[in-house]
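Just one chain is shown here, as C-alpha cells, and it is the form predicted alone.
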C-alpha cells in the first residue's frame, strides 16, 4: 500500500470547513473491466481534465493499475494514481459494490478473492450466453468474450454486442429486455451472480491495507428503510466510507448521504464512476465534498 500524507495532496487546503478538491476522482473504470478507454487513454483524459488524484477501480480486477502507473511514469504525467478495485457483493438479493481504495494490489488475500470473483463472473457469463442463445442470439458469449479481451467480462459487454448487432436499440434496452434484474426472477437471460459477501470484500480490502467504500448508495433500488439496513450492516462489518458524491446527484441526496456518514461515523468518498465519455458524466465533473464530511483520504 502506498502511504500518503497531507503533502501528497497540496491542493487540499482547508479554506473554510471544506476542501478545494475539484481535481480528485476516486471511482473510474478502464477497458480492463467495463470501461470504454484503455488505462493509458484514461490517464491522458484525466491529465487533460487537470485531475490531480485519480483512483482506477475496475470491477473485480487490478489488471489496469500497473499499465496506468507505467504510462504515468513514462510520460511524466503530474497525476497521483490511487490503486483501487470495485468488488461485487451479494446482499439480500441485491448486488452491492464495495470499492477498495489505496490497496496493496499484490496482497495474497485480495488476490485470492479476485480469483474467486473472476471464476464466478466467468460462469455467470457462460450461463448468460446459454440463455441468450435460447433467445435466438447465437455465439453471443464468444462475441462478448472477444469484446472483453483480457479484461473482466461483464453484462455491459453482452449489452454492447446486442446493441452493435442491432438486436436492441440501446444498451439499456438489452438490460430491460434480456439481461437485467427486474422483479424476483429477472429478465429472460438474467443470471443471478454468485458474488462474495460484503464482509468478505471489506476484510480483503483491509488485509490489503485499503479503505472500504460503499459505491453509489443512491443507485440501489432500495427503500429508505432497506438502505439504512444496508448501511448499518456495512458499518458493523467495519466499512470505512460511503460514496456521497457522484456527478448526477441533487444537493438533497448529497446531504442525505452525509447525514448517514455522520450518524454511523463513516468517512466520505466521491467519484465519477467514469466508464466512457458522455454528456451526463465525465472525470471530475460536479465532485464537491459536502461541508462537514470526513474525506476518506484522511485515512491515508
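Residue numbers count along the first chain shown, from 1. This is a predicted model, so every value here is computed, not measured.
What comes next is about the form predicted together with a small molecule, which does not appear here.
Residues of just one listed stretch (172-180, 107-115, 135-143, 69-77) have heavy atoms within 4.5 Å of the small molecule in the predicted complex: 172-180. Residue in contact with the small molecule in the predicted complex (any heavy atom within 4.5 Å), chosen from 131, 124, 206, 160: 124. With the partner removed from view, the residue among 98, 189, 101, 156 that has a non-hydrogen atom within 4.5 Å of the small molecule in the predicted complex turns out to be 156. When contacts are defined as a non-hydrogen atom within 4.5 Å, none of 243, 269 and 294 contacts the small molecule in the predicted complex.
Contact check for residue 34: a heavy atom falls within 4.5 Å of the small molecule in the predicted complex. When the small molecule is considered in the predicted complex, residue 254 lies well away from it, no heavy atom lying within 4.5 Å. Contact between residue 211 and the small molecule in the predicted complex is not found at the 4.5 Å heavy atom cutoff.
The shortest heavy atom separation between residue 45 and the small molecule in the predicted complex exceeds 4.5 Å.
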